[in-house]
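Take a look at this single chain in structure tokens; it is the form predicted on its own.
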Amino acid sequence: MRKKLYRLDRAGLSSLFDVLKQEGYLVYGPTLCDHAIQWLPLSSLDDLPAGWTTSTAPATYRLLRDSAGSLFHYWTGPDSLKKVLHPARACITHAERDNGSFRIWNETPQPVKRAFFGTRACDLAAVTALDRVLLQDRFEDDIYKANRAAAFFVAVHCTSSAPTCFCASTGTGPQARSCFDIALHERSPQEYLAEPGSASGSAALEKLAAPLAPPEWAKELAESCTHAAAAQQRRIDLNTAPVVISLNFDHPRWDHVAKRCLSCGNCTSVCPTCFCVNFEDHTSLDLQQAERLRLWDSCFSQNFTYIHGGSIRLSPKSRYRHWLSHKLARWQEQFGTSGCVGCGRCIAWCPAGIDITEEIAALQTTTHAAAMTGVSNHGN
């Protein structure tokens, strides 16, 4: 049986928002904050960035006015769903003195019903990647599990691509294919195609009593997403990346990028799949209370690999090589999927304008030339 596709106007979209709130969801969505589009709790559809778009390039992100008045005519900002599902700061344990005794108790994360309104295909792919790491590996992450358990995703298909996008080559966009409850296609600021992706999504759309969409709208969506994919100038070959990286451990390209890399960790902060954390203990000045915090960490920090005697990766070269190798190669070996979803955030938010697609392409070009001449860069 063919899946039902629904037609929503702006009022219908607002009604969908209201239905989610009535069902107890705390609705998150993209909104304007601090000169960027960020994921924050929304009170109504009016909080979405209507009439705004973005301009991105290496080391560049700008908000621009959009005369069309569209709700979703923008590209990814510094935030992703990782900000909410795998928060940057979480309290693990509390301790306090109480009438001469000492009490310690663990924080038990509680599930919260959250709906994410306006999720892009690349970010849905990032959630799938985090699911694999934090839920489906040897150990479950209790905080992520609680935040993920009741999540409801309203996706938005991308019918245009930013200059920094390369999701077509990673197979994660521009069209959302899975992991959503409802997917929207913004045909105009007043007209939307709504596709259910789960039983919960179907039930929510049925409550709206929305009319069915014309069959040709689905074809129009597919064509628009195909054009968006074809417009992307950047790409990564994930199939060859593991071999290329393994063969080029001592490639001079690592020195080239190290001269530019600031080891600031921006790329790991904005990456929707980077999941590394550290733990810190904080004690009050009166020594009456203490807490253990879990905080985001970055492999670009020198302390990230600190063990007795010092850190293992002392140079920017070794830290960048580790990050790119893990993202494109080791992740595939460990989890069976790539750690990169082609969102392009690391390109836009790197202050030095380092481009992950450019770096891997340089290694691939050399590897291809070496293969043709029978020469390898490994171990030189």
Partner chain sequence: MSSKNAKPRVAVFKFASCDGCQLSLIDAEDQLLAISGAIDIAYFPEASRRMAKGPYDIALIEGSITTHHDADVIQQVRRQSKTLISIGACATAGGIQALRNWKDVSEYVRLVYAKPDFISTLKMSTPIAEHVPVDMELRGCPINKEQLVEVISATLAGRKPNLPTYSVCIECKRRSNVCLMVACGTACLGPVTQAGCGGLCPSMGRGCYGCFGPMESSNAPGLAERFRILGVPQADIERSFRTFNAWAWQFRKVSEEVHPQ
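In this text the structure is predicted, and so the values were computed from the model without any measurement. So that the term is clear: the rigid core is the largest set of C-alpha atoms that superpose within 1.5 Å between two forms. Numbering follows the first chain given and starts at 1.
Keep in mind the form predicted in complex with its partner chain is missing from the figure; the text below concerns it.
Undergrad: So which stretch, 117-125, 234-242, 172-180, 290-298, is the one near its partner chain in the model of the complex (non-hydrogen atoms, 4.5 Å)?
TA: It is 290-298 that comes within 4.5 Å of the partner.
Undergrad: Do all of 33, 38 and 83 end up near its partner chain in the model of the complex, with near meaning a heavy atom within 4.5 Å?
TA: Per the other structure, all of 33, 38 and 83 touch its partner chain.
Undergrad: Heavy atom within 4.5 Å of its partner chain in the model of the complex: which of 189, 109, 78, 163?
TA: Going through each option in turn, the one that passes is 78.
Undergrad: Name the residue from 168, 158, 71, 261 that puts a heavy atom within 4.5 Å of its partner chain in the model of the complex.
TA: Of the candidates 168, 158, 71, 261, 261 is the one lying within 4.5 Å of its partner chain in the model of the complex.
Undergrad: Indicate whether its partner chain has at least one heavy atom within 4.5 Å of a heavy atom of residue 307 in the model of the complex.
TA: The answer is no: residue 307 has no heavy atom within 4.5 Å of its partner chain.
Undergrad: Might residue 316 be said to contact its partner chain in the model of the complex, defining contact as any heavy atom within 4.5 Å?
TA: Although its partner chain is absent here, residue 316 would touch it in the model of the complex, with heavy atoms inside 4.5 Å.
Undergrad: Look up in the model of the complex whether residue 269 has a non-hydrogen atom within 4.5 angstroms of its partner chain, and give yes or no.
TA: Residue-level check for residue 269: yes, a contact with its partner chain.
Undergrad: Taking heavy atoms only, is residue 206 within 4.5 angstroms of its partner chain in the model of the complex?
TA: Answer no; every heavy atom of residue 206 is more than 4.5 Å from its partner chain in the model of the complex.
Undergrad: Where, within 272-296, is there a heavy atom within 4.5 Å of its partner chain in the model of the complex? Residue list please.
TA: 280, 281, 282, 283, 284, 285, 287, 295, 296 sit within 4.5 Å of the partner.
Undergrad: Quick one: core overlaid, is residue 132 moving 2 Å or more at the Cα between the shown form and the other one?
TA: No, the C-alpha position differs by under 2 Å between the shown form and the other one.
Undergrad: Is the C-alpha displacement of residue 97 equal to or greater than 2 Å between the shown form and the other one once the rigid core has been superposed?
TA: Yes, the C-alpha position differs by at least 2 Å between the shown form and the other one.
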